[in-house]
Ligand SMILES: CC(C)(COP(=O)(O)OP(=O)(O)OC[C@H]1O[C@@H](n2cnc3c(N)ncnc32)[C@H](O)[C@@H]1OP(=O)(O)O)[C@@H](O)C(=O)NCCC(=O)NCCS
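To begin, one chain is listed below as structure tokens, in the form predicted on its own.
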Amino acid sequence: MTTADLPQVMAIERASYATPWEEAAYRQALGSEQAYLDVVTFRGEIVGYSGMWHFVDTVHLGTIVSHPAARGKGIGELLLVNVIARATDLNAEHVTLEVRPSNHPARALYEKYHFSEVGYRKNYYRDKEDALLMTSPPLRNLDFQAMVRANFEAALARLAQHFGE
């Protein structure tokens, strides 16, 4: 992600959330050495993006968003696998995240990748909804790595069906 991507990112934010992240938060993250923000494009348009922060031995996944018209096609899964791969490359031990209990599609994706609920944060979101705190299995676990590879291959096949390229 670059600052040139922010108009498209903010349009997707506003279409996706009642209380979107502020553009200033993205600008600040883009200037941080601990932050990694990525976009997925299709025919020159952003169809999804993610943001993660690396802290010592942990990666915190802050956001994964697919364009509303591209949901259910594997974009979020592609972004999650990218986060897991980058976290592994950074020698992180785990990926952690918060997710709304009401966000069933996101929870299903994280559970597919064997993230476990390890706690919650009361009134975490601006609208006072709690957040579930989830963490990945150890990233260097060979069974976890094999599962991620297998799921990634299936996700690529699904993307090819939807996007034809």
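Since the structure is predicted, the reported quantities are computational estimates derived from the model, not experimental observations. Numbers for residues come from their place in the sequence shown, where the first is 1.
We do not show the form predicted in complex with the named molecule, though everything after this point is about it.
Considering non-hydrogen atoms and a 4.5 Å limit, which listed residue (69, 118, 108, 56) is close to the named molecule in the model of the complex?
Contact with the named molecule in the model of the complex is made by 108 alone.
Considering the named molecule in the model of the complex, find the one stretch among 25-33, 135-143, 38-46, 109-117 with heavy atoms no farther than 4.5 Å from it.
Checking each option against the 4.5 Å cut-off leaves 109-117.
With heavy atoms only and a cut-off of 4.5 Å, decide whether residue 17 touches the named molecule in the model of the complex.
Close contact exists here: in the model of the complex, residue 17 approaches the named molecule to within 4.5 Å, heavy atoms only.
Check residue 129 for me: does it contact the named molecule in the model of the complex (non-hydrogen atoms, 4.5 angstroms)?
It does not: once the named molecule is placed as it appears in the model of the complex, residue 129 has no heavy atom within 4.5 Å of it.
Going by a heavy atom distance of 4.5 Å, is residue 65 a contact of the named molecule in the model of the complex?
The answer is yes: residue 65 has a heavy atom within 4.5 Å of the named molecule.
Look up in the model of the complex whether residue 83 has a non-hydrogen atom within 4.5 angstroms of the named molecule, and give yes or no.
So residue 83 does not count as contacting the named molecule.
Using a 4.5 Å heavy atom cutoff, which residues in 70-89 contact the named molecule in the model of the complex? It's fine if the answer is none.
Residues within 4.5 Å: 70, 71, 72, 73, 74, 75, 76, 77.
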